[in-house]
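Consider the single chain below, provided in structure tokens and representing the form predicted on its own.
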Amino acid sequence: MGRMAFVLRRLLMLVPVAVGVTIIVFFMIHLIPGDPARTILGIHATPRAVAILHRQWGLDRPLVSQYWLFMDRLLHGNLGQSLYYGVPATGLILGRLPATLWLVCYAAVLAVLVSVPLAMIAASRKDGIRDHVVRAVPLLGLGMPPFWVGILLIYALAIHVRWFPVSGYGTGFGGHLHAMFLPALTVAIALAPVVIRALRASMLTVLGAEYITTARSKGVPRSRLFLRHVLRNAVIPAVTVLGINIGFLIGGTVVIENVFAIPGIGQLMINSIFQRDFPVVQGVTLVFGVLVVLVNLLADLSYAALDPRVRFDR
């Protein structure tokens, strides 16, 4: 099987994943207490007004009928009309998606920039002081809730020294880099410890290989040995860990976006849950599911770029 066939097969896997997500989310969201019509109309809503909205939105139909209506719209590229914002849910989600993608990509880059040098330092002196420090200190960030880390960063770097804005998304590429640094760092602090441990363990395995011993006996400089031989052969397990955890962190951006008031789909989802905006919640959850599958697909494709021995024959 070639690379293109592998990609097509993985993309086809999006279909059952998407269907499964729609089934789970659609029926679970209806278990949330509250009525979207009463939420929008307020506490003084009359039964007649509520019934009219139910009829307009199709909420007076059986759940199975509502689900088939949702799927029929979805097959035509329509996620329905937002009950709260009064605009098409598709356009609303696509308008918020760039901010979330910025946060995820920015956080992944920061995590890699932090993890690679620290893992190399730890692996170069196994069981030494530097190794213990590198393994212990990042775990402090892993043990604290991301929203708490975000609040600490806001107080220290945004309020106290005023290096970064407290909230927002910024304007333009430079503005995004500046405004999104703290939220991306918050996500990276939670991601980096896992990547460091995986990369360190993989590096130690590679360092014990015979070809590394041969390279050392030939007098290969230490920096070149790590960069060209150890890191290149040890990075694939770390890429696997990175891809899996980015998939988890895509859902975790829901909290971070609310802490930093980032206008992404995570913040949109929280607001829509409170407003009982069923079409938007279903659409955002579906986007999250697709993004997780695509991230794992990119991780698989990166194996071949990092290691020419990897083939897509199976």
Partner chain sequence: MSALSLPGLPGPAPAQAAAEHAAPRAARRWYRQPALMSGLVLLGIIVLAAAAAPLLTPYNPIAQNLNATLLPPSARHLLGTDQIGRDTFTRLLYGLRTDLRIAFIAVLLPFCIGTALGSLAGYFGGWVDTVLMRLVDIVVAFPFYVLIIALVFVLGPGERSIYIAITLVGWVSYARIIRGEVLVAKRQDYVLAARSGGLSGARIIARHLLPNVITQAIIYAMSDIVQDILAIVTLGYFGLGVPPPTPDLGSMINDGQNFLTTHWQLTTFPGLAVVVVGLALSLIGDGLADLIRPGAA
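Under this definition, the rigid core comprises the largest set of C-alpha atoms superposing within 1.5 Å between the forms. Note that the structure is a prediction, hence the values are computed from the model and not measured. Positions refer to the first chain, counted from 1.
Just so it is clear, the following notes concern the form predicted in complex with its partner chain, a form of the same protein that is not shown.
This chain is displayed without its partner chain, yet in the predicted complex the stretch 154-162 from 104-112, 154-162, 86-94, 180-188 comes within 4.5 Å of it by heavy atoms. Although the partner is absent here, residue 143 sits close enough that one of its heavy atoms falls within 4.5 Å of its partner chain in the predicted complex. Under a 4.5 angstroms non-hydrogen atom cutoff, its partner chain in the predicted complex has residue 274 among its neighbouring residues. Of the heavy atoms in residue 49, none are within 4.5 Å of its partner chain in the predicted complex. In the predicted complex, its partner chain stays beyond 4.5 Å of every heavy atom belonging to residue 262. Judged against its partner chain in the predicted complex with a 4.5 angstroms heavy atom cut-off, the residues 31, 147 and 197 are in contact without exception. Contacts with its partner chain in the predicted complex, taken as any heavy atom within 4.5 Å, map within 276-299 to 276, 278, 281, 285, 288, 289, 292, 293. A displacement of 2 angstroms or greater separates the C-alpha positions of residue 25 between the shown form and the other one, with the rigid core held in common. The rigid-core alignment places the CA of residue 288 less than 2 Å apart between the shown form and the other one.
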